[in-house]
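We begin with a single chain expressed as structure tokens, specifically the form predicted alone.
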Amino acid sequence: MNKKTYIVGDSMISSLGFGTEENMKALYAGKSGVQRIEDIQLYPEPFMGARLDDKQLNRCFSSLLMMSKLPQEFEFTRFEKMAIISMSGVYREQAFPTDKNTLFILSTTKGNIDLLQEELMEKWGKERSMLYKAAEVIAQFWGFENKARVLSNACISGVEALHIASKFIKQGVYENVIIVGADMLTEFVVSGFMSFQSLSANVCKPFDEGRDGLNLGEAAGCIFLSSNEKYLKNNKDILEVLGGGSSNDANHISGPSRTGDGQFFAISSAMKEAGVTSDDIDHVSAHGTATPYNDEMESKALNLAGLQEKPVNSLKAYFGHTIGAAGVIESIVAIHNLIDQKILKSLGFEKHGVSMPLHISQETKDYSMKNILKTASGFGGCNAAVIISKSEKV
């Protein structure tokens, strides 16, 4: 059994806007959601990051409460609101099923991590800070019949969730999978990356000679996958997850392989599963965090995979690094780049700054594409890749 994994719908919220259309409009205009943040609840000193508008978040969520399958007095955390809002964008366009044929996957690294603060823990209780509990609450809002699954594997969570979901569908385990990727800016996350000295004091510059670190961001994105063609009746374009792969280079707890072999193995597995070669890949949406080690590693991996002449970009200077949401929202951008046949410039890039040759996209332009490779790498040596493809017909 090897069914197709169609992409039925998507939606996202980020510092650039609420809804995919608003985000894509900002991306094509070259806008960045990264700005100076002064909030002692997050960090004692100002830092550069990408944050959601809380007033818009709460206003948007209030309008959704009538859809909840939970009692009206039930309270939701900020993280759960983000996830549910991103799902509502998909639901409005194409109501997704919640029956036994459908799986809900939550991709996140930290979930309700803010609840570990003493005053919040007292209100919400310890269990609510657990990832499974956040997934359970989100699933109950929509009334999913199956138990929710959580995929938490550092910064590859979103890309790996797409790959695992496509395998479930191709093997006939589930007909539909709803994936949500979400993570927040919190004191825990900001102070952690500050301790690594990996945050830039400016908008980050992936693959650039002057890159000096990353920017953190927060976002939520939702993708509806299905093998059932009936959900595609309103889709002008047919897109599918063609294949994926993952690996672990076991190099260091927070540093990637110096040779790029780990990400190369993930890319190779993805191309093998998709039945394509490097010649068939039209564009690479890289992880591109703008840290010295990550970008250097990726330049080696893409050369090992024979992709050094393919247009490459990183979206981190637009959204910041949104951790567990990154793989999902950056895949949504890839989906709409395929639909619009447009490639985005790698914001922040000016001068080649890695040791291996790469074709970094330096302008946003029309570009004919069929297959996009999305990559991700994370702490613990994990790597993942997925290939998103535009089909001629169902």
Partner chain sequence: MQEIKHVYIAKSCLFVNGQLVLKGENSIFVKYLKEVYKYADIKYSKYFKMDPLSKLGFLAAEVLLKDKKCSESAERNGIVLENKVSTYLVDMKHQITINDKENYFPSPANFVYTLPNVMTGEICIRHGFKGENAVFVNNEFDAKFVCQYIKSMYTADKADMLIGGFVDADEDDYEAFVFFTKKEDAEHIDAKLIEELYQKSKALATQ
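Positions refer to the first chain, counted from 1. Just so it is clear, the model here is predicted, and its values are computed rather than measured.
The following text describes the form predicted in complex with the partner chain, which does not appear among the structures shown.
Participant: Residue-level contact is defined here as any heavy atom of the residue lying within 4.5 Å of the partner chain in the predicted complex; does Asn248 satisfy this criterion?
Facilitator: So Asn248 counts as contacting the partner chain.
Participant: Report whether the minimum heavy atom distance between Asp295 and the partner chain in the predicted complex is within 4.5 Å.
Facilitator: Taking the distances in the predicted complex, the answer for Asp295 is no, it never comes within 4.5 Å of the partner chain.
Participant: Indicate whether the partner chain has at least one heavy atom within 4.5 Å of a heavy atom of Pro46 in the predicted complex.
Facilitator: Contact with the partner chain, no.
Participant: Classify Ala95 as contacting or not contacting the partner chain in the predicted complex by the rule of any non-hydrogen atom within 4.5 angstroms, answering yes or no.
Facilitator: No, Ala95 stays farther than 4.5 Å from the partner chain in the predicted complex.
Participant: Let me know the one among Leu304, Leu232, Leu131, Ala139 whose heavy atoms come within 4.5 Å of the partner chain in the predicted complex, would you?
Facilitator: Looking at Leu304, Leu232, Leu131, Ala139 one by one, just Leu131 meets the 4.5 Å heavy-atom criterion.
Participant: Within 4.5 Å of the partner chain in the predicted complex, heavy atoms considered, which of Asn101, Asn228, Thr277, Gln171?
Facilitator: None of the other options qualify; the answer is Gln171.
Participant: Are all three of Ser152, Val189 and Glu273 close to the partner chain in the predicted complex, meaning a heavy atom of each within 4.5 Å?
Facilitator: Yes, each of Ser152, Val189 and Glu273 comes within 4.5 Å of the partner chain in the predicted complex.
Participant: Within 4.5 Å, heavy atoms only, one stretch in 249-257, 279-287, 86-94, 205-213 touches the partner chain in the predicted complex. Which?
Facilitator: That would be 249-257.
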